[in-house]
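Shown next as structure tokens: one chain only, the form predicted on its own.
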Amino acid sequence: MPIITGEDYKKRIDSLKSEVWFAGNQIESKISAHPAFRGVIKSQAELYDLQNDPGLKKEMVFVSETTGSEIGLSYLIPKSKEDLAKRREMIQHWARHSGGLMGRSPDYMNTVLTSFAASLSVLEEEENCYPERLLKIYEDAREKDLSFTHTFVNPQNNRSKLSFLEQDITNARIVDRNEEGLIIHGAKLLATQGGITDEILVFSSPGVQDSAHSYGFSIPSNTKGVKFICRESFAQAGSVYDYPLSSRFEEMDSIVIFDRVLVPWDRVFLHDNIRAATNLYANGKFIPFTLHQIASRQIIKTELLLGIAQKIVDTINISDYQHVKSKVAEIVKGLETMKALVLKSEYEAGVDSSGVVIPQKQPLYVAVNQFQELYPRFAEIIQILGASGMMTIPAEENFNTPIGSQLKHVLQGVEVDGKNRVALFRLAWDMTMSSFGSRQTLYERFFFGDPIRLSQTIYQTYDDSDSQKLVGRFLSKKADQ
């Protein structure tokens, strides 16, 4: 089956009728028409349509070596540096469509599954591990162009270092094993786009202490006993003018409850093996592949922030102020640094024994960890540049009343009338100050984990041998004198 269209995606998700709970009620109607999901499902459908755009197709797909079908490039296992560049360009095409605001656009989860498929050797000859099943799940997903969410984080009930000593009563765990498969019971966080994807990929976070918590499997989102419990929607009722971003790109986050869910054996690729669960995450291709996707998307998001900042500067004519130039330059420096780090990771990519080309992890760790610090600052810069304009944002309907002409006059900017000026500031507000914008800041602040922990990883894994040799040279010269 070739790449799907946006309409294919919507029909598949509607037909699943997954158990999704929102505002105290289970959604029974077509989920693609529900106000909390309508915008993001439409936007996601548009991404699938981009794969079919004749002008972009060469940059969005590749031909399957097994079936001859056209496959989305996010499923490509790179065998050259050129393949890495192709993956980046494809990721950024999709990211430009959403301004990088969809952290769980399909290419992210496709990349996760692809990283697992490129890491089969980690599971070979390990007890209770089935690399052939994982390969089958990957091949089936790419040939059908399936969409995925995932979950691997435990509920935030006890995060102390000794929490593993307590009897677990909430975290999703294996409670039984029978001839049909695993029985999973408990909860997991935080499935973004939960309930609006074909499947849910479930795996253990590294460092689990109990074999009942070590597993990896993928099941349809409508599997009996799987429940998605949603937070409040940030897609407000209003026009695209009033909510230019949240109306289109609000990705719902959900708690996933597994109510004695039967996972068939052919969907399980590991279970009851703590070492394998940790190694698949830590020693496979998961980290370099996903970091490459994340940083590539974040570059586009930074471009959007830069564009908004400069547009505000031009619209209210504040470019003469030194602090304004300095603030915009902060975003420029962040953007160019992110670009350089991603290109460095590709330039220094290595090849493993199976011929898979792996982007260099270290610059990608630095890029993503740096973005965790930069994004809140960039959002703050937008707020500072906009100042009172971030609050002078009457809704669109006001411009269609008898006072509309007055508003267009009193709220005008430089060579732009009041309605168009307000449109810009509503964009800036939705990006940085609305409930949607605040969620974006929190999301990027903790993307790929706690920023302090990530910085510790950088410290512990960085190869400083060249630096030490350089110091040694100067110390030895001093000793010789």
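For every residue, the number given is its place in the sequence shown, counted from 1. Computed from a prediction, not measured in an experiment: that's the story for all the values here.
If you look for the form predicted in complex with a small molecule, you will not find it shown, but the lines that follow are about it.
Engineer: With the partner left out here, check for me: in the predicted bound form, does some heavy atom of residue 414 sit within 4.5 Å of the small molecule?
Structural biologist: Output for residue 414 is no: heavy atoms all beyond 4.5 Å of the small molecule.
Engineer: Tell me, yes or no, whether residue 142 is in contact with the small molecule in the predicted bound form, where a contact means a heavy atom of each within 4.5 Å.
Structural biologist: It does not: once the small molecule is placed as it appears in the predicted bound form, residue 142 has no heavy atom within 4.5 Å of it.
Engineer: Does residue 450 reach the small molecule in the predicted bound form, with heavy atoms at most 4.5 Å apart?
Structural biologist: Yes, residue 450 is a contact residue.
Engineer: Is residue 151 one of the residues lying within 4.5 Å of the small molecule in the predicted bound form, judged by heavy atom distances?
Structural biologist: Within the cut-off, so yes.
Engineer: Taking 80, 85 and 347 together, does each of them reach the small molecule in the predicted bound form with some heavy atom inside 4.5 Å?
Structural biologist: Per the other structure, none of 80, 85 and 347 touch the small molecule.
Engineer: Though the small molecule is not shown, can you say which of 191, 276, 71, 91 has a heavy atom within 4.5 Å of it in the predicted bound form?
Structural biologist: None of the others qualify; the residue that does is 191.
Engineer: Within 4.5 Å of the small molecule in the predicted bound form, heavy atoms considered, which of 57, 439, 30, 38?
Structural biologist: Checking each option against the small molecule in the predicted bound form, the one that comes within 4.5 Å is 439.
Engineer: Would you mind picking out the stretch of 63 to 71, 429 to 437, 451 to 459, 47 to 55 that comes within 4.5 angstroms of the small molecule in the predicted bound form, counting non-hydrogen atoms?
Structural biologist: Heavy-atom contact with the partner occurs in 451 to 459.
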